[in-house]
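Shown here is one chain on its own, the form predicted on its own, set out as structure tokens.
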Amino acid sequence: MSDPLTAVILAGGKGTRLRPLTDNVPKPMLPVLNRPFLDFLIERLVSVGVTKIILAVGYKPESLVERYGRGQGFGVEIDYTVEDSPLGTSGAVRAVLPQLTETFLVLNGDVVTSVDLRSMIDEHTNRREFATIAIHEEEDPSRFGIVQIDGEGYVLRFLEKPKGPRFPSRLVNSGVYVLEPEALRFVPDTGPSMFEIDLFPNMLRMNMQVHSYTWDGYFLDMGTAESYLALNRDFLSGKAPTWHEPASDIIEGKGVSVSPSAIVTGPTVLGPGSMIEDGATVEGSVLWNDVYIGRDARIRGAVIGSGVTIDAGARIDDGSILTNP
């Protein structure tokens, strides 16, 4: 598609399930391989021809504006809309309707997928649909929104987080949409509205078709500390799609100091300015910047926040999250 393409990234959530990591850092800015996670999403959108990105933000927007500005250095125009109160997913997009005059993309700012965005956009355009949603299969769809489709891929019904063990479908909403501005007329001008609960079911009730784009591949919602750690590991192992292939399963930021007698085992990320003392072991973990690991300490499967000091001989086990107050 040669026409300018806009993408809306939904990045307004507080990241409650990621606390304490998100106490001072909005979820899209959490470091992945020592870069803000949102870098990855922006670069990927640019690679498929997106020329403008609108960041729908709410929680601690200053850090996003400070890093991305108007898109200088990222090869794309960036604009912002800041929610005073939660508008929901489709409500946040409705708020920027005046800027959406052509086909546009919507993505969640905390999800990594291997959806072929270019193929999805082209299919939507060629079929002249009003709305196309990406769907994929999950073995246990109870944590997601189930999508039932007919033989031609048109959506029949949405069912949010159904209880098992029997499910009418194992196809779930991937949180990636290609839309026409006309679809947003089914979103109220004020108040919260959600794509999967409000907008898309309303379209179906009004006999407007919603098409699906079925894909298969990597999917991860970075909504918990466990999944955040898994994402860093998946990037390092090559399991997750990323902007480059890591040269090693250990990433070291600028100014890292590792004692010759210390042991660091991947997949591990060492943030800028971190120091690991004699006899210490770090395995399968993510260290943010300026972390100090004392002599003979053992860190395994943990996330250590910026400026944290781990005492000599300490033992930090799988699943641990340590941050400064």
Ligand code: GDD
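Just so it is clear, the structure is predicted and the values come from calculations on it, not from any experiment. Each residue number is its position in the shown sequence, starting from 1.
Not pictured, yet referred to below: the form predicted in complex with the ligand.
Stretch-level contact analysis of 232-240, 72-80, 114-122, 138-146 against the ligand in the predicted bound form, using heavy atoms and a 4.5 Å limit, identifies 138-146. Contact check for 11, 57 and 86: all three have a heavy atom within 4.5 Å of the ligand in the predicted bound form. Taking 180, 249, 226, 160 one by one, only a single residue has any non-hydrogen atom within 4.5 Å of the ligand in the predicted bound form, and it is 160.
Although the partner is absent from this view, residue 315 stays clear of the ligand in the predicted bound form, with no non-hydrogen atom inside 4.5 angstroms. Although the partner is absent from this view, residue 196 contacts the ligand in the predicted bound form, with a non-hydrogen atom inside 4.5 angstroms. Shown alone here, residue 187 lies farther than 4.5 Å from the ligand in the predicted bound form, counting heavy atoms only. Using a 4.5 angstroms threshold between heavy atoms, residue 219 counts as touching the ligand in the predicted bound form. Taking the ligand as it sits in the predicted bound form, the stretch 18-38 comes within 4.5 angstroms of it through a non-hydrogen atom at just one residue, 27.
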